[in-house]
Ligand code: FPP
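As a starting point, one isolated chain is supplied in structure tokens, in the form predicted on its own.
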């Protein structure tokens, strides 16, 4: 069985560079190159939704030099790849906080969202300036406003409705992959991960290959997903 929604915490770019005596920026660049190869392959395998943890809200605490480099890298990659995504009927959406990104990047995101394919085969969800706990708080405020404005009744709010009103209306995550050997969620898509299968690998993201993804997929297919039931 192929998971409908796969999420990846793309960890280890900086360590990949440091191990080779290179600046951290080189690791981020190699990670982005690897991602360009992985995205089409993952969709070819039958995955319909791919969520990528590109930059957390907490990552703004890193050095100004690294943050600036990453913002410029995101801009270059999005400009370069968006036409390719369109040609392959991939819709690009962004899970992010409303404020915090550079204005130029926000304008590019708005342009991409405006020009997206209308009936996509696949959805690429880029989590940028993202925080799972903030997403839950922001969604709660959104639903409170809907109740106050009498758009919904309070009893209309259930788990399914909450999921639909997160930053993006996407199915719950089936498989989460985290690279680099870290065993934590790092505040990523907490509500959507409630019953996800978790897969951790020691491989640093720039080295995470198609073969490594296949191994994660094979591990997922061996899992017994019960969702609280007893067989």
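This structure is a prediction, so every number in the text was calculated from the model and none was measured. Numbering follows the first chain given and starts at 1.
One more form of this protein, predicted together with this ligand, exists but is not displayed; see below.
Enquirer: Among the candidate residues 26, 62, 48, 45, which is the single one with a non-hydrogen atom no more than 4.5 Å from this ligand in the predicted complex?
Expert: By the 4.5 Å criterion, the partner-contacting residue is 62.
Enquirer: Please pick out the stretch from 74 to 82, 149 to 157, 113 to 121, 96 to 104 that is in contact with this ligand in the predicted complex, where contact means heavy atoms within 4.5 Å.
Expert: Answer to the contact question: 74 to 82.
Enquirer: Would you please decide whether residue 109 lies within 4.5 angstroms of this ligand in the predicted complex, comparing each non-hydrogen atom pair?
Expert: No, residue 109 is distant from the partner.
Enquirer: Does at least one non-hydrogen atom of residue 203 fall within 4.5 angstroms of this ligand in the predicted complex?
Expert: No - in the predicted complex, heavy atoms of residue 203 and this ligand never come within 4.5 Å of each other.
Enquirer: Is it the case that residue 173, even though its partner is missing from this view, gets within 4.5 Å of this ligand in the predicted complex, heavy atoms only?
Expert: Judged by the heavy-atom cut-off of 4.5 Å, residue 173 is well away from this ligand in the predicted complex.
Enquirer: When the contact criterion is heavy atoms within 4.5 Å, does residue 126 count as touching this ligand in the predicted complex?
Expert: Flag for residue 126 set to yes.
Enquirer: In the predicted complex, do 10, 13 and 70 all reach within 4.5 Å of this ligand through at least one heavy atom apiece?
Expert: Looking in the predicted complex, the three residues 10, 13 and 70 all sit within 4.5 Å of this ligand (heavy atoms).
Enquirer: Taking this ligand in the predicted complex, which residues along 84 to 116 bring a heavy atom to within 4.5 Å of it?
Expert: Residues within 4.5 Å: none.
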